[in-house]
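Given as structure tokens, the chain that follows is alone and in the form predicted on its own.
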């Protein structure tokens, strides 16, 4: 794969000296690996053909927030904004908080660099996620968030990764490392946005030490032309709690891997997500929950609404290791098709090697109930509004579960706008 995405590999991007060994290892691994194909089981329903085009290295943008169309939830805490992969100090804001350290890799002192090096990539199995090696190969900038032991962050932390409109298809990388130390608490929001057909290769790592609690949201709200291959990897130690919430609009190619590792007794993960697709968009969520220790719990719920000729993919796997007795894990994936040409491939999996567990999984694919549409119409509600109400109701429960009220307030009108513009007023349920 050496010639694929070559502009980014060859770009002269300054990086701290302490990252050089990781960059070289990543470049060697990427150049010796093979691009997944439709014959690769984990990529069976997602083609990478869209990446086989000329790319350029991303360039810096000096445009204002209004000029680049930056639209963000108004949270009260620190915000770091990156445009085309470059930090924008003028759009960022740091709010003092004694509970956290928030810095870019380029700002790290010797002790911080040692801490980042110790944890960076420690929970990412590169052999299963080849694009993580590309991220390593071009690693020059990233964000390190450390929540100090026995402390609670006073404000949420927001990381913004925005792509501005560019003449040529460009490539940029995103990297986030969160270290939640023992018995710490924090809220983190990652926001991906932008216009155009840029390719983002993103990777976020969340490490929760014993008793830590982290509320994490990841919003993929890029335009319909976006290309994005990303990964979220989390390691949960004893009695740690991760609440992770995901929202994704479709794109030309979008693939996100979510991997949660229960590495300590009593860890808990609440994983909720939704994907909304129209036109000819594509979205692929692959989740894997590794239960390696006893008495851990997982509640996972994903819902998708797919219209027009769009295609959704969901593969959810829960793996119960032999020593993971007293595990409780549930996985649910429900999908709503609003046209006869929409498609979804869903595959929930349970792989259990322990005998004292409570596990359940299920998936559904359905269309809107015509009788419910008829009921709303007979009550004087126009067809288009009835369709929007029923579709929004399908995902509203997940929106309401979001703990951060300003984020809920931000998402609701945008989801309503999406349904108003992207879903046909008259659903076509006839056989194609």
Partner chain sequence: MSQEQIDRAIAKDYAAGFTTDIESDTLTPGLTEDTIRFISAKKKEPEWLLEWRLTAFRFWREMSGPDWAHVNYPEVDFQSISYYSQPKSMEDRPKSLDEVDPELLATYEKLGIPLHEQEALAGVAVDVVFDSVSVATTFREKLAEAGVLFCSISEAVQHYPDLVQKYLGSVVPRKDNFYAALNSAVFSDGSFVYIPKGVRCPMELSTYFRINEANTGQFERTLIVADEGSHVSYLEGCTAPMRDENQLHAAVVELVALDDAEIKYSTVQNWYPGDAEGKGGIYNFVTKRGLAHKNAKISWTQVETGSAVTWKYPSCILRGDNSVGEFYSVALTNNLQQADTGTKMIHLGSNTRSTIISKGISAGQSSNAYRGLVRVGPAAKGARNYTQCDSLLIGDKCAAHTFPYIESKNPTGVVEHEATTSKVSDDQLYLCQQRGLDPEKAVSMIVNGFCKEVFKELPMEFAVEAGKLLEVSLEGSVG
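What you see is a predicted model, and the numbers here were worked out from it, not measured in a lab. Positions refer to the first chain, counted from 1.
One more form of this protein should be noted, the form predicted together with the partner chain, which is absent from this view; the next part is about it.
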Residue (of 115, 91, 350, 210) lying close to the partner chain in the predicted complex, criterion heavy atoms within 4.5 Å
350
Heavy atom within 4.5 Å of the partner chain in the predicted complex: which of 356, 111, 71, 107 fits that? Just give me the one.
356
Could you confirm whether residue 396 comes within 4.5 Å of the partner chain in the predicted complex, counting heavy atoms only?
no
Residue 362: heavy atom within 4.5 Å of the partner chain in the predicted complex?
yes
Can you check whether residue 43 is within 4.5 Å of the partner chain in the predicted complex, heavy atom basis?
no
How about residue 342 - does it come within 4.5 Å of the partner chain in the predicted complex, if we only consider non-hydrogen atoms?
yes
Since the chain is shown here on its own, which stretch among 44-52, 58-66, 28-36, 399-407 would lie within 4.5 Å of the partner chain in the predicted complex, judged by heavy atoms?
44-52
